[in-house]
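Next up: the same protein chain in two forms, each one alone, written as structure tokens (structure 1, then structure 2).
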Structure 1
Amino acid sequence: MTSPISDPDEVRILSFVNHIPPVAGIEEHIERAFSWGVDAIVAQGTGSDWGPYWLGSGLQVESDVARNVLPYVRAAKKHGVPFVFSFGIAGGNVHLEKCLGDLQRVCVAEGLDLDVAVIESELSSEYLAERIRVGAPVLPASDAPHLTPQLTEEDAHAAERIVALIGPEPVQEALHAGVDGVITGRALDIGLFMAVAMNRGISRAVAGHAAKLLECGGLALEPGDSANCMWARIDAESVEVRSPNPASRPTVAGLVSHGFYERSHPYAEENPGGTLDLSGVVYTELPDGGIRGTGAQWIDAPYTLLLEGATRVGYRSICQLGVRDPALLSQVRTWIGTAEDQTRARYADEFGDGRVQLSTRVFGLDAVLGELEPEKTVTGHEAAVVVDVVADEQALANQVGYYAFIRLFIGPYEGRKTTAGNAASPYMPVVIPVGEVFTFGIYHLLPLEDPVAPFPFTVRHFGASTASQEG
């Protein structure tokens, strides 16, 4: 089946989320979308929801991205339309290369040959330090108090890894290379979709609106599920969406509600080069089950890119203890407080120098809400105590964690009968070295005059037919 010929003034996009495994039967849904016409398949796979850990550690969720995208890549190749993906969650070079390596193995196994324009979005500390020296001030994107009010060269060098959320422009450029697809590191989710639409002459306002509906795949449908795909036709004035999976459908309420998702303001969102304003959007139900939206606006602003930089703050060790004895449950915080005091006394120098921090969570009491928890005693029949230590060296975190464990395990408490041991230990080692702990030391906006130049693409070949080439 070939895709119906596209009107030159419109563009049809099939969207999904590439780090989420697709629903069973996705091939059928993809072909249904192609029967309506598809000009590009677009899927995001980066994000900072998890915090800075993936960015700092170089690791990522084990989501098997290459297998997730396979049915979509096959369809794109078969119908001769490009795909656009962002890969690797944190989206640094190490994350991107891990996914590309997996893609290469899948291409070889499946007999696929792809020419892909790859865009890295990691920035070196040296590049950023140079920009800080000679460029306009790099200001925080949030009022979080730990962020420096104007980014310094020291901040740039202190970061373990730095990425930029690239906008649509580098992707637009790469799409002109006549490749089978474009794969980026960290990118603005909506920018991937906007790039495809803007290359067809669609305005930023309409492209941005369509992108907002499409960015989480089937999540904006009813029922919402990012394991499903979603289809949209975008023209100069409007976006029309449909569900390729007949088990779900777009609803006006669903699309409006999706506009709320994971953003602080329901209608306005600041993006590179301007603010997308959806306050005037009107949705109309179409007779065939689709929904059309019109009325998005774009208010231009100076071009800035959001930078994310992970800075290591230490190493974590944890230790879990299970408590079931009612006598101990009734005084669990007193018992923990004694053990914490003894630990702080034993390692007084290390705590005094700020080399180590200790926190003890009690699941079953206040581990979720902390000081906001209205219940002040354990009301259930058991609780989990998690000793949490962050130190400047893993060995110190392990030592402090073990000392706290011992005090909890053998420390006396009022009315104790459990003199052989106070609690249950489910895990060996009792003190678990968790590894590095990071913060977003950089969450700042980099002013850019040329949004393309820092993010060139390289054409790389995937598959068995020829060796990997640099383009």
Structure 2
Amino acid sequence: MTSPISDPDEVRILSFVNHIPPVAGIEEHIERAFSWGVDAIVAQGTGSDWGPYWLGSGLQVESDVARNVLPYVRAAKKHGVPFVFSFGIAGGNVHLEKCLGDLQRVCVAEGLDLDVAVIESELSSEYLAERIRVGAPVLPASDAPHLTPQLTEEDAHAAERIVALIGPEPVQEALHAGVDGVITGRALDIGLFMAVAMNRGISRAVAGHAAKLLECGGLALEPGDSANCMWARIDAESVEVRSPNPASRPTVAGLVSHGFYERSHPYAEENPGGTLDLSGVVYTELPDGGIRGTGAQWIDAPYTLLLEGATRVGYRSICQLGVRDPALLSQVRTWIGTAEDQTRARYADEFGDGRVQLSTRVFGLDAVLGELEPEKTVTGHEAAVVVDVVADEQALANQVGYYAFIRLFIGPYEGRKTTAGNAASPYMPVVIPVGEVFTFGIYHLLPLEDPVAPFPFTVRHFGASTASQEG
């Protein structure tokens, strides 16, 4: 079956999330979407939801991305439409290459031959240091106190790995190469979708609005689940969405709520080159179950790209204890405070030199909000206590973690009836060495006059041959 031809002034996109395994029956859902018409398949697969660890360590989530995308790639090849993916969660070169290697093996096994434009979004510390020396100031994207108020060369060289959230422009350029698909490293989620729409002449405002709804696949549907796909038709004035899975559907409430996703403002989202303003959007329910949205605006601004740079700050060890004694729960903060004081006294030099940090959280009490928790009473009948130690060496983190654990495990408290069994240790070893700890030492905005130049593409073949050529 051939996908229906679209109007030249519109574009139809099938969206999913490629690091989440698809729901059962996804092939049927994909074919239903193609019966409506599909001009491109787009899926994001990078993000900083899990913090800087994957970026700094070079490791990544154990998700079989190549198998996840296989039914979509098959459909794209069958119907002759391009796909656009970002790969690797953290999106550094090491993450991207791991996913591309998996894709190569799947293509060989499935008899698929693909020409793909690959865009790396990792920046070298040398490149960034040069930009800092000769370019405009690189300012922080948030008011986090650990971020330098203006990025320095030292910041660039201290980072283990630096990526840019590339915008739509490098993807637009790669799509012009007439390839089967485009795969990037770290990328602005909505930028992947915007690239396809903007290449059809759709404005940034409408392209951005559509992209905001599509970026997480079926998460914007009801019930929301990113393992589902989502379809949209975008024209000069509006975006229309439908669910290819009959078990889910778009709703006005679901689309509006997803418009709040991953931003601090209820209707404005800052992006490279401007702000997407959804304050005037109106949604209309359609007779066939679809929903159309109109009224998005785009406010131009100087072009900047968000940089993420992971800087190692130490090594972590954790311990966990389970508490059920009502007498202990009623005074758990005092019990923890005493143990922490004793630990800091035992390792006074190491704490004084800044070599080690200690925190203890009680899940079931105030672990989520910490000091901001408004409810100060114990409401549950049990709690999990997590001791978290970060030190400049793994061995020191282990030692401090064990000492803090023991002070809790055997620590006295008022009303204790027995000297043992008041706190349980559910795991062995009692001190679990987690490994390296990173922070986003770089979370800054890089001004760019040319958003394409730092991110050229390379056309690579996947399947029987691995020949490459520069693009």
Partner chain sequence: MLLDEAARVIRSKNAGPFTLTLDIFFSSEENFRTAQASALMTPEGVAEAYGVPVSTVKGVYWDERVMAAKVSLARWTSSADPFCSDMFGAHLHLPLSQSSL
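Quick note, the numbers are simply positions in structure 1, starting from 1. Basically, rigid core = biggest C-alpha set you can superpose within 1.5 Å across the two forms. Predicted, not measured: the structure shown is a model, and the values here were computed from it.
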Practice task
Mind telling me which structure is the form predicted on its own?
Solution key: 2
Exercise for the section: Pick out which of 295, 141, 438, 224 lies at the hinge where one rigid part swings against the other between structures 1 and 2. Expected result: 438
Practice task
Give me the angle, in whole degrees, that the smaller rigid part turns through against the larger one between structures 1 and 2.
Solution key: 12
Problem - between structures 1 and 2, how far the Cα of residue 398 shifts once the core is aligned, in Å - result: 3.6
Practice task
Any chance you could measure the C-alpha shift of residue 412 between structures 1 and 2 with the core superposed, in Å?
Solution key: 8.2
